[in-house]
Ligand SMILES: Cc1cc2nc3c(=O)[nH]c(=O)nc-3n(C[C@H](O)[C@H](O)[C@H](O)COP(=O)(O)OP(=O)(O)OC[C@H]3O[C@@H](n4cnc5c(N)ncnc54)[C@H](O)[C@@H]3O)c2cc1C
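The chain below stands alone and is given in structure tokens; this is the form predicted on its own.
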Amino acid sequence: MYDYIIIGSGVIGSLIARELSRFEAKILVLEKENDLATHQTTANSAIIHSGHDPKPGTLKAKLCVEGNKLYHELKKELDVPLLYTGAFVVAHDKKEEAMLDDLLKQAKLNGVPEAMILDKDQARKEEPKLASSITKVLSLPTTMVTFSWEVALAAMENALKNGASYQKNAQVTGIKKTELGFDVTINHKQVIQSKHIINAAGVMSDVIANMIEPDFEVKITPRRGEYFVIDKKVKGLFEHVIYPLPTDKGKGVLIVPQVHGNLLLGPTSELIEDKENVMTTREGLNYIKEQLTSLSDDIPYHQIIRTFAGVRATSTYGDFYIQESKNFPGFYHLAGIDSPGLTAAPAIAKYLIEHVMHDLPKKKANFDPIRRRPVSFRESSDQERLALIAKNPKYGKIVCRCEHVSEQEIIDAIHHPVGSDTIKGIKKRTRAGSGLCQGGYCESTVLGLIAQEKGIAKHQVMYDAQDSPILVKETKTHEND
């Protein structure tokens, strides 16, 4: 019997697990995929918003501003990356300038510090590549960018360090109320018990809710966003996050510097039916290019290295839904956590525990909030690199030349407490395969290292999901050499 089962290991579920691990409780996080934070947390803009956009008085507004501040604490405790970019929201004429003034008032109502209007000369002094048609910008200095997947990884690692448990490939297929709490069925066969359940399943949160509450009041409508990734050779082309004026579809198509030096362009905003449809489309990618003409006259499309898409959990509720079930005490819903969900995530976890949950166990005396990132050969100084190689020569063997990832870093990622034995899992943890060639040169070596370290045949190594082998069969044997 668990005290708490958390369904979903995205950034919300992982941070909730960490907050709950401060208490004397038996905690289990269930993830239906082959790795944590596979969907909404991975495929987003990675922006820590200042809080100018949410409607004043909503949970989105309150928790966005609070979450923005809490990221400084997460950086200290969990060693998550933060890029202090600031942001510009742009206007092109008097009508849009008036909208900027309204946004500034809204930002101040929401408690956003340091927001101000800059004229075109002031703005171009900081961002020379802005479109010539831009007349004014709303400057939001507290905006930042992170690597959202690593935030989830760091939180989960710290939660496990403090006693929580994590189970991947564990799809919840049934929930039943019992006298002692809840029976949770995993993969149609395994049944586990818990006194409480926290539904943090992202775009699937209404599906999970409907397993026990068929009349759940929130309906999730998936909204797909497509992106371009520009090679890190353009690092410094834009220093700020560049926003258009927001619309009812969201914050629009953006220019976003990334913590690893790339430039992100997007997203689109398309309502779809399939909650797992992450295909990119010619129409969507062309739309991004059309929209970016209002932000810059000089986008280096010839430096594109990949495209991708993600799905976010737009809901009929219109705000973050963070409530205990009205019919089943001890069952907690977190639904409709779309933008600015990443920003608000640390504040959402605290809000749930401090304002929604009750009958919490006592706090631990020995909770350890600290997590440190694994060694990065790429980010080490020459002196540190020499010391690493002297200690372990495998640090001197570079597997991914684009991102300067060593063999030992890949081995460490395989055996990490929240490690991975898939190609994509290693890519997310080490950046091997994230550069210009997108794994063209290093992927086969990564595959070989996974097979070696896990003691399996190469054709048993998966790309990402449980059943996604890269190799089907051996086509060349020693007998045929």
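Throughout, we count residues from 1 along the sequence that is shown. A quick note: this is a predicted structure, and the numbers were derived from the prediction, not measured.
From this point on, the text means the form predicted together with the named molecule, which you will not see here.
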item	value
Site test, 61, 87 and 322 vs the named molecule in the predicted bound form, non-hydrogen atom cutoff 4.5 Å	no
In the predicted bound form, segment of 373-381, 293-301, 88-96, 201-209 with a heavy atom within 4.5 Å of the named molecule	201-209
Close approach of residue 46 to the named molecule in the predicted bound form, 4.5 Å, heavy atom	yes
Partner contact for residue 150 in the predicted bound form: the named molecule, 4.5 angstroms, heavy atom	no
Residue 343, heavy atom within 4.5 angstroms of the named molecule in the predicted bound form	yes
The named molecule contact in the predicted bound form: residue 262, any heavy atom under 4.5 Å	no
Candidate from 30, 414, 442, 423 lying within 4.5 Å of the named molecule in the predicted bound form - any heavy atom	30
Residues from 10-25 in contact with the named molecule (non-hydrogen atom within 4.5 Å) in the predicted bound form	10, 11, 12, 13
